[in-house]
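First, one chain by itself: the form predicted alone, in structure tokens.
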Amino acid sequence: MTRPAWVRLDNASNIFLAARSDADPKVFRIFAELNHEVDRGLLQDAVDEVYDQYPLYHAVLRRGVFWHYLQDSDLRPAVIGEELHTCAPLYQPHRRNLLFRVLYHRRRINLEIFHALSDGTGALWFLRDVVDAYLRRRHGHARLETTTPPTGLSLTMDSFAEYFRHPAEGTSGERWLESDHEDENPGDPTTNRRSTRSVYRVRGTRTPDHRTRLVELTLSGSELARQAKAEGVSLTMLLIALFFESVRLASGGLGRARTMSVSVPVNLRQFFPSTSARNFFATVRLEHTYGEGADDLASIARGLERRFAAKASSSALESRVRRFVRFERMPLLRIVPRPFKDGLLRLINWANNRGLTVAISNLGRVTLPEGADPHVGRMGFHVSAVRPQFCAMSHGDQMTLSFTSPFLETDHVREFAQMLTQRGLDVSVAAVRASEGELAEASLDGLREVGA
């Protein structure tokens, strides 16, 4: 069957293209750590098998007069060793190349993806199938029925268009860019108001050559989840409260900017049944202002939980996403040349960034096919970042928290780790070399253990 030649980018992908920069090329990495050194030949065979099942991953990115678009290609991926720093740029406007790469380093299999191609859920499907195919070749276990939806791996499926293109009743008069700072409940002083407060923003010394500063913490996910449950909050909200507190402690004083804000992605597949491996998520902004009420961790987490519940409902998300889709499809905007659209999206992204302190993403606890699972230890992911960010992922009982930043300073990560150990958790720490002095110590950019 002939594959489709090209498709337009989905709604979220356009902003990734416009907002990418040298410090934040909009690349993310998902990895699986095996119980043995990776065999490059077997991994290449596994990638070849899985690649044939994922037409979406054959796509290259092209620039049109009015929009960017994904075009089918006959390119084949080649597995490579760890040569570049993590989350190095993937999309190169003047080259016709695939939008992902598979790398290996010792026991790790790494998948890096340009965010305009896929989100964390779609990437996790691909990596899980690669790891299973690799381990089948090495250990000979039978292939199980895949849970990856085959129709969702096509180039054409765009769930933003499927669910949000047509206007819903009662929303035609809404502004497309209505802020999510708005009142959720005007009668409740604890809920977010359209904020005029100064948001604290982390500043620091940028890394040389714009590489991402990465620090990983590994700990017991079940123990931290038990603590979150005992405090009556979700694990994600407890992690955000810890992140806010670690940034506050590392700041040396917030001054007049006492509000911390965070961007939290929400997987839309849990509300709108989609099998697409392309981007299909929305973000929710949460904040806490120190000095206005209780500032202990449990109170901060409960306040965040309450606001998140209101903003992350299916109706609230649907209303917000529809505004962006309507904006994208405005008749006047459709005939505006692409460079002007990119400029407008960059401006919107810049304004949004000024209202954020940090960002997080939690992909939760991952399960692998039965035959593969015993051979895999830690799994995790991280992203290139324009501000301090952390990502969480668990496999088995091991949770990996990956902190990334465009800055060399890691004081907030040290504070975060100390708070975890004060809660009785055993934490191991690893960091990637990023400063000129650290890079001078070794020519290979690998992880090094710095404490336990």
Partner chain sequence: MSAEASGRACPRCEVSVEGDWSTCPLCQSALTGRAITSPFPAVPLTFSRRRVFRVLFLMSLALVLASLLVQLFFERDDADLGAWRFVWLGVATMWLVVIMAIQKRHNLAKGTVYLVAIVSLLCTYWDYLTGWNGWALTYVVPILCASAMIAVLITVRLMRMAVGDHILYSGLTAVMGLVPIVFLTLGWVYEPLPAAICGVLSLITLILLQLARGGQVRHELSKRLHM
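Residue numbers count along the first chain shown, from 1. As the structure is a computational prediction, the values presented were derived from the model and not from experiment.
If you look for the form predicted together with its partner chain, you will not find it shown, but the lines that follow are about it.
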> Taking the shortest heavy atom distance, is Arg107 within 4.5 Å of its partner chain in the predicted bound form?
Replying inline: yes
>> Given that its partner chain is not shown alongside this chain, does Gly377 nevertheless sit within 4.5 Å of it in the predicted bound form, heavy atom to heavy atom?
In response: yes
>> Residue-level contact is defined here as any heavy atom of the residue lying within 4.5 Å of its partner chain in the predicted bound form; does Val413 satisfy this criterion?
In response: yes
> Using 4.5 Å between non-hydrogen atoms, is Gln398 touching its partner chain in the predicted bound form?
Replying inline: yes
> Taking Asp10, Ile80 and Phe271 as a possible spot, do all three reach its partner chain in the predicted bound form with a heavy atom inside 4.5 Å?
Replying inline: no
>> Using a 4.5 Å heavy atom cut-off, which of 300 to 308, 261 to 269, 208 to 216, 231 to 239 contacts its partner chain in the predicted bound form?
In response: 208 to 216
> Which residues, if any, of 50 to 80 lie within 4.5 Å of its partner chain in the predicted bound form when only heavy atoms count?
Replying inline: Arg62, Gly64, Val65, Phe66, Trp67, Tyr69, Gln71
